[in-house]
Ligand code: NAD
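Shown next as structure tokens: one chain only, the form predicted on its own.
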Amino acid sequence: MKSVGINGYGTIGKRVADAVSAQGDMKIAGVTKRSPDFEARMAVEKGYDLYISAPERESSFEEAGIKVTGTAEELFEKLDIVVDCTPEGIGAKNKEGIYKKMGLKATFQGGEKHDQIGLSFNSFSNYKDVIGKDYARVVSCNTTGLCRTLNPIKDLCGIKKVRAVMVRRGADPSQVKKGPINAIVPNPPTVPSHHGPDVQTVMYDLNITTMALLVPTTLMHQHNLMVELESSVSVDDIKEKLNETPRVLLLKAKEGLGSTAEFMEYAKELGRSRNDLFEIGVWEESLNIVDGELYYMQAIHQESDVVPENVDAIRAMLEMEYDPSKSIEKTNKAMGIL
């Protein structure tokens, strides 16, 4: 049983903690927080040992009545690996300033720069390249979504070129200080956006160009993809391939799943914690092939789609499983992924 720690118990960290706890071959040794907020309180109530990453704030935790087990560095000494879920840019500093000095393996999130971590990870794209490595960055929610559906299509019929337009949520539901409120914002206004190069950190030879925009919603991202195929296949062939791909769901608009809002409502009906959707939803009606080019639309729950990938990254880096399909199967079964 491998010991895993979560550095940064926030949007992603708390989800990864629960996902790791559900596995049969790893356990959570503790989580860290900087502030005595409701997430810190909930971590303790859920039974996680809480460690503080800012020791000078210990008195504020005591005043809030939140039990602290120790400091973050005391937690790190107990671990086989740490999952760094700190805010963007902090993880790279932690790698150089803490983890390397302690000889501690670490995974990072997509907000960190690929070049600073040195290796990126996606369960379906390059699992074997990360086996036994000390540091790896789980690619962003958008990149994860793109890899989930492009990999099986590439395996089925090959890909000449991908063009994708990302319609991105403006903020997560709890980010009350972010927008836009009444605008559509090119993000960035230059082309390509960073998403294509990020995909290439794990799908090394993929020809992909992306552009993105922000819209006033907090629910999900939505992708519009145009994929030039190398060999001839039918729409039914694509449907069959996606249907058999783990962590991908075909959505039928005619069944009331015609929007991201309705997809999130479906998550509630599944009884998921926090209404999470670990699967990428592809609208079946959007699948079409014209002159050798495949068109489709998909939805990504930005708060949770990278969570199972974090679990798989742990297994690869700790050499707990060498076969990516077996790790994916274990993770999915433990998390109840469809």
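Everything quoted here is computed from the prediction, not taken from an experiment. So that there is no doubt, residue numbering starts at 1 and follows the sequence shown.
There is another form of the same protein, the form predicted together with this ligand; it is not shown, and what comes next is about it.
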Note: this ligand not shown here; in the predicted bound form, the stretch from 167 to 175, 124 to 132, 250 to 258, 230 to 238 having heavy atoms within 4.5 Å of it is 167 to 175
Should T331 be classed as touching this ligand in the predicted bound form when contacts are defined as heavy atoms within 4.5 Å? no
Within a 4.5 Å heavy atom cut-off, is E279 in contact with this ligand in the predicted bound form? no
Residue-level question: is R34 within 4.5 Å of this ligand in the predicted bound form, judged on heavy atoms? yes
Applying a 4.5 Å heavy atom distance criterion, does P246 contact this ligand in the predicted bound form? no
Could you spot which one of Q109, T149, Q222, S193 gets a heavy atom to within 4.5 Å of this ligand in the predicted bound form? Q109
Which residue, E88, E77, E96, D155, has a heavy atom that falls within 4.5 Å of this ligand in the predicted bound form? E88
Residues within stretch 36 to 59 having a non-hydrogen atom within 4.5 Å of this ligand in the predicted bound form: S53
